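Take a look at this single chain in structure tokens; it is the form predicted on its own.
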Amino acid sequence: MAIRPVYSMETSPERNAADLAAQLSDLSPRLVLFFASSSFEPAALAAAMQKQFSTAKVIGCTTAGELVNDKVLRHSVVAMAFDGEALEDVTIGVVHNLKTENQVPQVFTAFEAHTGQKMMDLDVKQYVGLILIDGLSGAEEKVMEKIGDLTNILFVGGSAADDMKLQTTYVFADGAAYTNAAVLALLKPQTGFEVVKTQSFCSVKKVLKATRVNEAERIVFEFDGEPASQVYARAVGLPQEQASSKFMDQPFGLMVEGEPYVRGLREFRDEALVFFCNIKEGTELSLLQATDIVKDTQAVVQTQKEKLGRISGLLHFNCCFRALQLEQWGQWEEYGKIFAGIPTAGFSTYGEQYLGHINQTSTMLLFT
């Protein structure tokens, strides 16, 4: 069985794809995932990757940094290849027109034709889903909610990024590059698998209720009937003009059974707060405080090693804000060591998918 991560630092799409193919020349991949800096021309890269891996399903997206094994890279292309001994089956589909439609049902209809089973009837112990989605579409919640309505299969993944430019993000499938789209993959691994998430925050026991919102625009105008910006500034103990400095260290969390599902903060807009996630009116959010990313992630990975016995491959979707925190704290090298000896590939995201859309989290798909 082979699940193999590789990377290339070449400077053109064609050379990157050829370099990756050369490194995988002894493998017959069934699936190739790739995560690429937005510095490469997207259509050319998508075409080059499909050409080099013509017999495989090939999907990917643009990033805000690439992760491979114990390395953190910039301006690279990282790939993970799965051969037939690792994956019994894989099928992929593209959800188009995210901002105006929701084509998840059409993609799932194709998946059902492929598997011969209804998506709701698939065995959650045999199948797992991947999702890569335009990270500037603002449509992650809509897509994840529809997926949850139609299947019990867990879909995990990340929102495509563009090296923090916040201009255009791309997803890739079958040799083409797309915006305003999501790529879904339904995997039937030959081995066991586990999906985990980890975030490095604890609740400070301060709960605020969103009482006036624009859900579609991810804006909260009021908490508990007061201007949201004023309430947040008071909660973190700073004047409003300084309070945005606390956004990364003190976001909000939707608490579920004592565990936070992080709702990241983007900006003040007049007296409102703009989030990176949708907030429904009436939602109660807890103010969070950052903890030690390295220590927390190490504990999660070690627990999985002990539980699973071994990890033959790990897909790693890591929030770009976590990446910025690790960089600020000088902890990237220490963080990378957590994954030493584990075949790992992933990227820094504009959001993570796990039972919905979340922020400042790392979601992982592990194979035994």
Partner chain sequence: MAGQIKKMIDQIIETRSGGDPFLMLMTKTKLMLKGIDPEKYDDNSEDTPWVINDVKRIAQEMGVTL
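Numbering follows the first chain given and starts at 1. Note that the coordinates shown come from a computational prediction; the quantities given were computed from them, not determined experimentally.
Below, we turn to the form predicted in complex with its partner chain, even though it does not appear here.
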* Asked: Of Leu73, Ala110, Cys202, Leu254, which residue is found within 4.5 angstroms of its partner chain in the model of the complex when only non-hydrogen atoms are counted?
  -> Leu254
* Just one of Asp224, Asp121, Asp149, Glu217 has a heavy atom within 4.5 angstroms of its partner chain in the model of the complex, so which one? -> Asp149
* Contact label in the model of the complex: Leu166 to its partner chain, heavy atom within 4.5 Å -> no
* If you check in the model of the complex, is Phe247 within 4.5 Å of its partner chain, heavy atoms only? -> no
* If you check in the model of the complex, is Glu284 within 4.5 Å of its partner chain, heavy atoms only? -> yes
* Asked: How about Glu145: is it within 4.5 Å of its partner chain in the model of the complex, going by heavy atoms?
  -> yes
* Asked: Just one stretch in 234-242, 260-268, 101-109, 174-182 has heavy atoms within 4.5 Å of its partner chain in the model of the complex, so which one is it?
  -> 260-268
* What are the residues of 334-363, in order along the chain, with a heavy atom within 4.5 Å of its partner chain in the model of the complex? -> Leu355, Gly356
